Structures are given as structure tokens and as C-alpha cells.
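As C-alpha cells, one chain now follows by itself in the form predicted on its own.
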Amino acid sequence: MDRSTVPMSATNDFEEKLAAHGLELRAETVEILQVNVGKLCNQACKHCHVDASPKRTEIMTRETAEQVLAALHRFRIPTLDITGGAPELNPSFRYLVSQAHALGAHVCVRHNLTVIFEPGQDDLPEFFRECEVEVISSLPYFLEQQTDAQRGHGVFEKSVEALRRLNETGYGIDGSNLILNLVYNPVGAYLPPPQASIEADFKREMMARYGISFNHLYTITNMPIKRFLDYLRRSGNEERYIRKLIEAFNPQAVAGLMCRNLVSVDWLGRLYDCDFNQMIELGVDPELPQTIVDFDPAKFALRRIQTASHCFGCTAGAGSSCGGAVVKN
């Protein structure tokens, strides 16, 4: 594990916190393959736990993409969740999506919106519609200043235009089966607000200000790893933020954590319990298969999840997952 990318040792270790509440973190069945196809991105967001940017060269090959599809087909895993970087910049992205759709899998794409304006990507909304992709897009706030502060100058304006394009294609519209979900990450070193209340705010303001509609808003806690951890250290907030996560530990969140029904695959085909563990190179239990080639969901059911202090981010407050808050209020 790369120690420079993980937070300082927590005062209360995550495993000790679980034990104090009589809990143990184990998986259930594997319902989702979450695949990170590489770290190349057209943005370099301040909160990015992947440390993605236009300068990154890590890219999943067609061979590895085919291995993912082989596992998806053999084991009939219901959902393929594709992330990056900007996954659309991977040369095998459309092949992976279209083949997974043909296999009957539900395909989710973590789409940053502005990639639509990159060369050769202007037809992405139509491609998503053709493959019935669920589009999940980060939008830090419904105002320009806050969004650009986190994601870069000019990102908000492009994001709004991309959302309009998705709406025009049928995404996020009442009565449509084309799902468009947004993701809210706090701009600073604090926890997200209640998901239901900020979703209502976003729906009201996005429609009133920009004429944009969407299905749901997910709140996700910023994880103290990679680029966000660098920010915490530069601003002198690391210890305070980690303490805040620990103090906000919610035992009710444990049952709904995403690692309980998900396996994460990196650009080389290596396996992890979640995307966050992937970024600090904390692999699955060493006794389990380590790559997608040898993957067998029967062996991963009921496995013990590998944890570290960053896991407090997923259990703070209402909890946090790739599907938003874990504990519904």
C-alpha cells in the first residue's frame, strides 16, 4: 500500500470501531462489477480520489476489457459500472459498453459531462441512449463559482450545456427510461448535507435557472485519499477531517456499504473490494483470486472486506456509496 496516498493512522482504527459495535464487514453476493478503465481524464478535479488528469497514461487494454466481458457473460453479473478518469477517453469504452448491453447487463457510466466537448465525443448522448446507459454525473453545485472552484474554470458552463444535451436526448425526463443521476461532493473538508434536502434544492434550482431536469442526486463524502488528501494536508485539515469522520461513525451505515455487493476491477484487471481501496492499492484478501481472469463470484460471496482508516468516510453520518447516502432519512 502506498502510504503517501492514505490518511494518517486514525485514533480509533476502523476495525476496532466495528468490533466495538459488534459488527464485522463481510460481503454478500456480487451484483456489480465496477470497472475503472483508466486514469486519463480531460479534467483534474481538486477532490478526485483517482488523481486523474489529462497527463495520466494508465489505460485499460482491449484484452483486459474482453476479460471483463467474459466474466460478465459467464457469471451473469447484473450490473457493469464503468468509471475512470473519464472512461469515454478509453479507446475500448464503446466496445465495452455495447457488448455489455448486448449481454443484457445494466450499464452505468460515471460521466463528467464536459467530455462531450472533446474531439469525437459529441455523439455520446445518442450512444448512451442506444445502449440504455444509466448516466451518473458529478456536479458540485448548481452555481458556477462553487463548481468551477472544485472542477476548474469553465466547467460549470460546459456541464450545463451537456446536461441540456442529455435532456434533449431523453435523459432525466419524466416518463423516460433513460436515467440521469447527479452526484454532489462537498467543495471543502466537511460532510455532505442530508441527501433528500439537497436533491430537492438541486431539482428546484436546476429547473428554474437552467431548465434542466434529472432523476436523483447522490451525496458522496470526499475520501481522504489521493488528491483530496493532498488538499487536506496542504490546508492543515487532515487531522480535523479524519476526526470528524470518526466522530460521525454511524453503525447503521455498515449494512448498506457498496463493498458488500460490488467488486472493483482496475485498468490492469486486478481486483479490489471497492474503488477507494483500488486507489491505495489495497487488494482483496490474498487468499482470493487477484485478477478478473480468475474471478469467481462464488469465492467472493461472504468474503471479509479489506479496510483502512479511509473507510470512516463511507460510514460517517448517513453513509456514502457510489449510489449516494446509505442510511435513508
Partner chain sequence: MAYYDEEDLGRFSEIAKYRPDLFEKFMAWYQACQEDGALSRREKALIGLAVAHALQCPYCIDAYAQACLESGSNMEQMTEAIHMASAIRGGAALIHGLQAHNSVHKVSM
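Numbering follows the first chain given and starts at 1. Just so we're clear, the structure is a prediction, and the values are computed from it rather than from any experiment.
The same protein also exists as the form predicted in complex with its partner chain; that form is not shown, yet it is the one meant from here on.
- Comment: its partner chain is not present in this chain, but in the predicted complex one of S176, N250, S98, S197 has a heavy atom within 4.5 Å of it, namely S197.
- Comment: its partner chain is not present in this chain, but in the predicted complex one of G211, G154, G104, P193 has a heavy atom within 4.5 Å of it, namely P193.
- Each of L143, Q146 and R240 places at least one heavy atom within 4.5 Å of its partner chain in the predicted complex.
- Contact with its partner chain in the predicted complex, defined as any heavy atom within 4.5 Å, is confined among 184-192, 131-139, 159-167, 114-122 to 184-192.
- Heavy atoms of K244 reach within 4.5 Å of its partner chain in the predicted complex, making it an interface residue.
- None of the heavy atoms of E126 is located within 4.5 Å of its partner chain in the predicted complex.
- Shown here without its partner chain, the chain has only D201 in 199-225 lying with a heavy atom within 4.5 Å of that partner in the predicted complex.
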